[in-house]
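Coming up is one lone chain in structure tokens, specifically the form predicted alone.
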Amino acid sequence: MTTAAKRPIRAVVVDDEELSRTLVREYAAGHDDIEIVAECANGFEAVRAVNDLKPDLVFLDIQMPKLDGFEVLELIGPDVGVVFVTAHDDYALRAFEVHAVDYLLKPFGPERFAEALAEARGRLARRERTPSARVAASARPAGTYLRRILIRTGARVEVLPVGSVDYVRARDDYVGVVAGGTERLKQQTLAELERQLDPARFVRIHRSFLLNVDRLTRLGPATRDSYVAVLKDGTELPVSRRGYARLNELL
């Protein structure tokens, strides 16, 4: 009785440098259980490839134009195995060490590649999820906040500068990011997004609403125990007593 051959690990290589992609492909060729199914030169291509091909593993460069590796990580989610590939970056390396996520530090040789691949095999076998949000947050220098919010719909990615956002509302396991009167859904909690935004600019005015204070035109009472925030476009949002106190502190 014969045993069916194990399915190879299907991997995507993401790096804006062709030489680096070639090196990973050559090292991978020395391992029978890995198949490179796509190579991507930027983050948008990577999101599309992961969405379309559903790989097991991504070799993901950090320093890339358009979308960096941490933004790609956020968009592809925790269910894909990741080995980060990076030049020396103190914040990134510290994040990888804290969350026990493997990485390849450029330049690396075939032995180090083999070690990272062995670690990836183990994680995939144990079905360990990549702690995407925690790794990305840990890699951000202290005191810095999001400059843009990424919204993914299938393979399509929309990039919203935070200054264009009017407010954000809780939608169960999602948030609704409202900009220019249009709401876009993002799979994230309101509390997570709040921690990533500048508190001098975005204020939690209610358990379900986060307001860009630049959009506020008037704040007043709604009932004896509640308040209302009126935005420049006329939108009215509920304000809790705690939210009212936060706004008064800031304004």
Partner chain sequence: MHPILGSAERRTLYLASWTVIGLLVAVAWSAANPEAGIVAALAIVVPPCLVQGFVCLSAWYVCRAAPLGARSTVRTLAMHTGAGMVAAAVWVTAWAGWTRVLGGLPAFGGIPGGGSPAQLAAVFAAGVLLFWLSSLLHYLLAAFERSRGAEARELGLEVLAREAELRALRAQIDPHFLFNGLQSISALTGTDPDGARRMCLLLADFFRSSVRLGAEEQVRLDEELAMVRAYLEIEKVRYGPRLESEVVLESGCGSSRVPPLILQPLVENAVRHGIRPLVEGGRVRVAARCDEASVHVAVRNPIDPDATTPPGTGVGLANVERRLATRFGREAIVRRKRDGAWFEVDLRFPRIESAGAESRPHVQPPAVADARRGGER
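Note that the coordinates shown come from a computational prediction; the quantities given were computed from them, not determined experimentally. Numbering follows the first chain given and starts at 1.
Only in words, not in the display: the form predicted together with its partner chain, which the text now covers.
Q: Specify the contacting stretch among 184 to 192, 210 to 218, 47 to 55, 23 to 31, defined as having any heavy atom within 4.5 Å of its partner chain in the model of the complex.
A: In the other structure, the partner sits against 23 to 31.
(Q) With a cut-off of 4.5 Å between heavy atoms, is residue 108 one of the residues that contacts its partner chain in the model of the complex? (A) Answer yes; at least one heavy atom of residue 108 falls within 4.5 Å of its partner chain in the model of the complex.
Q.
Taking any heavy atom pair closer than or equal to 4.5 Å as contact, tell me whether residue 63 reaches its partner chain in the model of the complex.
A. Residue-level check for residue 63: yes, a contact with its partner chain.
Q | Proximity of residue 88 to its partner chain in the model of the complex, heavy atoms at 4.5 Å | A | Yes, residue 88 sits close enough to its partner chain in the model of the complex that at least one of its heavy atoms falls within 4.5 Å.
Q. Is there a heavy atom of residue 226 no more than 4.5 Å from a heavy atom of its partner chain in the model of the complex?
A. Taking the distances in the model of the complex, the answer for residue 226 is no, it never comes within 4.5 Å of its partner chain.
Q) Among 127, 147, 94, 156, which has at least one heavy atom within 4.5 Å of its partner chain in the model of the complex? A) Only one option qualifies, and that one is 147.
Q. Is any part of 149 to 172 within 4.5 angstroms of its partner chain in the model of the complex by a non-hydrogen atom, and which residues would that be?
A. The one in contact is 161.
Q.
Since the Cα-Cα distance for residue 94 and residue 57 shifts by 3 angstroms or more in the model of the complex, is it a contraction (closer) or an expansion (farther)?
A. Closer: residue 94 and residue 57 approach by 3 Å or more in the model of the complex.
Q) Are residue 68 and residue 94 closer or farther apart at the Cα level in the model of the complex than shown, by 3 Å or more? A) Result: closer.
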